[in-house]
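Just the one chain here, the form predicted on its own, laid out as structure tokens.
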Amino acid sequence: MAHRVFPKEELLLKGHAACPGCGATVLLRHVLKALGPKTYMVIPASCSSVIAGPYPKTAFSVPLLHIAFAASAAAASGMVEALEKLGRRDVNVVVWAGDGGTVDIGLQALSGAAERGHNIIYICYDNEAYMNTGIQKSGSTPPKAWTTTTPTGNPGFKKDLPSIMAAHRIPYVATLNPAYPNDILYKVRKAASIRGLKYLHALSPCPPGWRYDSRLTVKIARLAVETGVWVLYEVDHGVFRLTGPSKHLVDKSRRKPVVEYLKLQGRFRHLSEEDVEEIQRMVDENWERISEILKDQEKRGV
């Protein structure tokens, strides 16, 4: 199908400053190919601020605004207003922000932009900690994961930002994963076709922060889906749908054990068997919740 064909043009250029195996750059390469050159990007303080390269050079072949940690959604709102005043409605305004600049520091501005309904595609690439400043815990760090500020494992839970954004009743929310480029292309282009604020939340494996060999990025990303730890889905105007391989994983017997995902990452090396069992239980409970959502929609004829 034509909408599943990636353009050959590269908008993330060679020679960027990302770490080898960086999940964020795999994601961004696909996202920019899906959106094309008529894209304006806003990036708050994050790894991507460094990946872009030092002024006056850049690895991004699209207009780019670097902005303060808390202000990316607010800056994008102003950019949308200005472009529409100029009659430029044929461009994509995209926020590309990490979990620190989204789940924590940038949440207030994001919530405000959602309330106003500005025509923005907001993408959070979630590497599950503050990787650019020393691997500190963020609101998106998984339970029991090692970080430099949780050396014995995170005692808390991962904040469910996609559900929080869906509660804003914005038109489109979806999850992404770098191991599934066709799913990325479909969802990013769908988001671009809808007016209003669209929120995409992407898993972004990080070799230095997650403590794994950089060759394993795609394998680990794929295992996140196959074990059910990371669910691929969309909420399109309030309707929840599983996508990609996740469509077949409501049946627990089709999901791989979570230990297959955890054992490849040094940030989980300290886990006991009881810890692994608890994480498995949390994953299974989340899938039970998803099953109930799907059953309820089916009853309502959605």
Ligand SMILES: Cc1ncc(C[n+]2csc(CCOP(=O)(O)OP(=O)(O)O)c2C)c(N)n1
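For every residue, the number given is its place in the sequence shown, counted from 1. This structure is a prediction, so every number in the text was calculated from the model and none was measured.
What follows is about the form predicted in complex with the ligand, which we do not show.
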**Request:** Could you tell me which of 189-197, 110-118, 128-136, 162-170 sits within 4.5 Å of the ligand in the predicted bound form, going by non-hydrogen atoms?
**Result:** 128-136
**Complete:** Assert contact residue (the ligand, in the predicted bound form, non-hydrogen atom within 4.5 Å, options Tyr233, Phe69, Phe60, Tyr40) equals Phe69
**Request:** Identify which of Ala45, Ala52, Leu262, Leu27 has a heavy atom within 4.5 Å of the ligand in the predicted bound form; exactly one of them does.
**Result:** Ala45
**Request:** Answer for Ala224 alone: is it within 4.5 Å of the ligand in the predicted bound form, judged on heavy atom distances?
**Result:** no
**Message:** Under a 4.5 Å heavy atom criterion, is Ala74 part of the interface with the ligand in the predicted bound form?
**Reply:** no
**Distance check, Gly100 to the ligand in the predicted bound form, heavy atom within 4.5 Å** = yes
**Message:** Just checking whether Ile105 would be counted as a contact of the ligand in the predicted bound form - the rule being heavy atoms within 4.5 angstroms.
**Reply:** yes
